[in-house]
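Single chain ahead, written as structure tokens, the form predicted alone.
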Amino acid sequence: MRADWPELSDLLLDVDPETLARRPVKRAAVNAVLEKHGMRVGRRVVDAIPGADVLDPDAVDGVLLRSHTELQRLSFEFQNGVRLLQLLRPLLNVLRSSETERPLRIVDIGCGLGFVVRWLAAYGELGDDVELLGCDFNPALIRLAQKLTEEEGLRCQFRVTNAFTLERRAHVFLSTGVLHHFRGDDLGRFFQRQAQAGAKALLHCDIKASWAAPLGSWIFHQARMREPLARHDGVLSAVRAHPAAVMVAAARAHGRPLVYSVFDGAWSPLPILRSLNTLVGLDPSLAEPFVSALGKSKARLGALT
């Protein structure tokens, strides 16, 4: 596997970001990409999906739903909710001192089944003045996320929508396992859109690039996953993980006026102890009070510039 290989989940679903209309995915087009990169295992996964000239959208949804259901194990076992909460709590305290608008809106970009949003609603104790919203382009994932929310009686919402064109701005954008899906100019535009949307802060948690990440991911997915697409894309995600310097450079070049750094981004000889890191973006006026509010954890955050 190589970092320039595309993930299958990005090839199987094609949605217009403006109209949100789902476009048909032609088997020949997907196979051409896989053949270009020599992705033989990926080809076998796609060959198993029904459909002649066009991949059956219901079958694609089934594969993506099963994969995301399995990937929730990763979020649970790696405590993704806890990781974001340790940054969100001090951040919200700072925002409460500087922002008069209520509720403070937290928007999860590419939320999938919304594990992090639902976890924060259930256990985060963020306060009644906080709104949690998950956004994704896949209606099947959002329907299940909303169904789980209603069954669990949680105070959060999910929408099939473009997170950057909401009727009311997000104070905080966050994501989990999304950054590595963007490459080159697309990564820069991702940060640019968030800055243009008027966000005061960004928290993007993703796999920490290291020599151990692909091996660790392969072991975990072989042991815990059964869906072929989840196994394939899970390992490829670790291969495609951006080094901290790449994330920060893209954000600083395109996502001004925010300032940026990475939490848990420092190199470690034992990277398994810090398997994830979080890109932090802040309005400059929030930087100093946020670092102060982190307390002892501020040593894990690089300089915000």
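Only a predicted model underlies this, so the values are computations on that prediction, with no experimental measurement involved. Numbers follow the displayed sequence, beginning with 1.
There is another form of the same protein, the form predicted in complex with a small molecule; it is not shown, and what comes next is about it.
Quiz item: Can you check whether Gly110 is within 4.5 Å of the small molecule in the predicted complex, heavy atom basis?
Solution: Heavy-atom contact with the small molecule at 4.5 Å: present for Gly110.
Could you confirm whether Gly177 comes within 4.5 Å of the small molecule in the predicted complex, counting heavy atoms only? Looking in the predicted complex, residue contacts with the small molecule include Gly177, since a heavy atom lies within 4.5 Å.
Original post:
Does Phe164 reach the small molecule in the predicted complex if we count a contact as any heavy atom within 4.5 Å?
Top reply: Phe164: contacts the small molecule in the predicted complex.
(message) His181 versus the small molecule, in the predicted complex: is there a non-hydrogen atom within 4.5 Å?
(response) Heavy-atom contact with the small molecule at 4.5 Å: present for His181.
Exercise. When the small molecule is placed as it is in the predicted complex, which of 207-215, 128-136, 147-155, 94-102 ends up with heavy atoms within 4.5 Å of it?
Worked result: Flagged stretch: 128-136.
Within 4.5 Å, heavy atoms only, which of Val235, Leu71, Val172, Leu229 is in contact with the small molecule in the predicted complex?
Looking at Val235, Leu71, Val172, Leu229 one by one, just Leu71 meets the 4.5 Å heavy-atom criterion.
inquiry  = Please tell me which of Leu87, Leu187, Ala121, Leu141 lies within 4.5 Å of the small molecule in the predicted complex, judged by heavy atoms.
reply    = Residue within 4.5 Å of the partner: Leu141.
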